[in-house]
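First come two forms of one protein chain, each written alone as structure tokens, so that there is a structure 1 and a structure 2.
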Structure 1
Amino acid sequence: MKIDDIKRILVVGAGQMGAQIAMQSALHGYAVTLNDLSMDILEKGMKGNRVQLEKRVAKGQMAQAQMDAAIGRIRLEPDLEKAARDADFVVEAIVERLEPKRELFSRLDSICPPHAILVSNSSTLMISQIAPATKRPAQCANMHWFYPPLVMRLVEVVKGKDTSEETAQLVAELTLKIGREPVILRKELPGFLVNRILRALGREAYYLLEQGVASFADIDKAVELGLNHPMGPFKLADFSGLDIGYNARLETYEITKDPSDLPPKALEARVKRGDLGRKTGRGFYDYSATPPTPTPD
């Protein structure tokens, strides 16, 4: 398949990641189908997209007509059978757990046209763990976006052991067509590139916290002012969603069985009490205050 053969993109999962991936694709002219379990979830995802685009219109960064046209290219479809049957390229952006992803890929494989490419937005699960659920492993790859997709330019394209070079190149070419910059990983490993580097930083930050060297707020301050990072590791964890980081660490541990890959206690405690970061209003910081204030353990 060539890049010009991709006419319709299907995004499965209308959370903040999936909805914004769909929007970014539509902004660059693609017909997009957005699928999730209900119309309520789909409409909530699109509401978030409208808020983001309305800000651009208000700042003069795009015309209202551009916004309306892009939104008009997205079809909301809660029925996966209907959503997948005309898809040329599918981006999976559902919960970060292996079995649901394998089940979805198996269903997509049975519904999608034979030429369709299936990619996972997973940040830690490797496509070689997911693709065997299909009869088209050569047409499966990781296409890992960064949050928020409407802003972050990088996309990691990861080849699995059965992913064809043609598929990897096609995913990278599509990434460019929708206004993002690809890097191709020809060897897969948990966490890929960026998250492995971030994980190393985060592991040391949690170690310093657990050893009582400094508070998480002071560790954040040190990283922001000393390394010139826009966010310290704990603010970034809140921004991304503490449950995302927690589940990613559990998945990595299932592969490595290395106790150092288990979620740190400070992270586990917050996730178990439902403090998941900005999306719940409370994580390492309390977002009901301005500016956000550190929360106690």
Structure 2
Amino acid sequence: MKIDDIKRILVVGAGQMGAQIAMQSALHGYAVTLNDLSMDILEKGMKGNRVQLEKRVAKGQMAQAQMDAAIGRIRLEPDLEKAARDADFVVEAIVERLEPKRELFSRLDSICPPHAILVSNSSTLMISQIAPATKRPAQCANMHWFYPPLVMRLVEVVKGKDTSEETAQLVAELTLKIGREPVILRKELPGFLVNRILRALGREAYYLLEQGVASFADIDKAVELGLNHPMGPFKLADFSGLDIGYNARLETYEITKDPSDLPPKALEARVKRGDLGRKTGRGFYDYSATPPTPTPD
């Protein structure tokens, strides 16, 4: 298959990631089908997209006609069979659990056209765990977007052990076509590139905090002013949700049994109190104040 043979993209899962992946693809001219478990969920996903695009129109960054045309290119279809029939490229962005993903890939394999490429947006599950559920593992890959997909430019394209070079190149080409920048990982490994580097930074930041070397606010300040990162590791943890980082560490520990992978005390204490970061108004920082103030342990 050639890049120009990709005419219609199907995105399965219209949550935080899938709805915006569909929107980003439609903004770049692709016909898109968006599938989820119900029409209500699909409409909620599209409502979120409208809010984002209306802001761009209000700021003069986008014409109303451009927004309307892009929204018009997205077909909402809760029936997977109907959604998959004419798909050339499928992005899976459903719940982060292996079995549902394997079941979905198996079903997609039987109902999509034989040439279709199937990719997973999973952050932690590697395509080699999912693709054996299909009869087309060479046409499967990870295509890992970052939140929020309408803003974040990077996409990690990851080859599993059976992914063909042609598939990896096509996923990378499509990424460029929809206004995003690909990096290709020639070998798969948990956490891919970005989350591994982020984890290494986070581990050191928590180590320095636990050793009493500096406060978390000063560690954030050091990373922001010394490395030019837009947010230090503790502010970023608040932004992503402390429960997300906490659960990811527990899952990693389940696999590695390495105590250094367990959630650090400062993180655990906040999660146990229900202080999950920005979404609850309080995490490492208290967001009821402007600027936010550091919280005590």
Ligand SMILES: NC(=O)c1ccc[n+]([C@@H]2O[C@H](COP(=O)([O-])OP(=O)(O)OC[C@H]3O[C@@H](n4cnc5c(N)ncnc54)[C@H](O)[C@@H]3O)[C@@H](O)[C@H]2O)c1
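Bear in mind the structure is a predicted one, so any value in this text is a computation, not a measurement. Take the two forms, find the largest set of C-alpha atoms that superpose within 1.5 Å, and that set is the rigid core. Structure 1's sequence is the ruler for residue numbers, which start at 1.
Source of structure 1: the form predicted on its own. Relative to the superposed core, Leu37 undergoes a C-alpha shift smaller than 2 Å between structures 1 and 2. Once the cores line up, the CA of Leu250 ends up 2 angstroms or more apart between structures 1 and 2.
A rigid-body turn of 18° separates the smaller part from the larger between structures 1 and 2. Core fit done between structures 1 and 2; CA of Gly202 shifted by 3.2 Å. Taking the rigid core as reference, the CA displacement of Ala217 between structures 1 and 2 comes to 6.5 Å.
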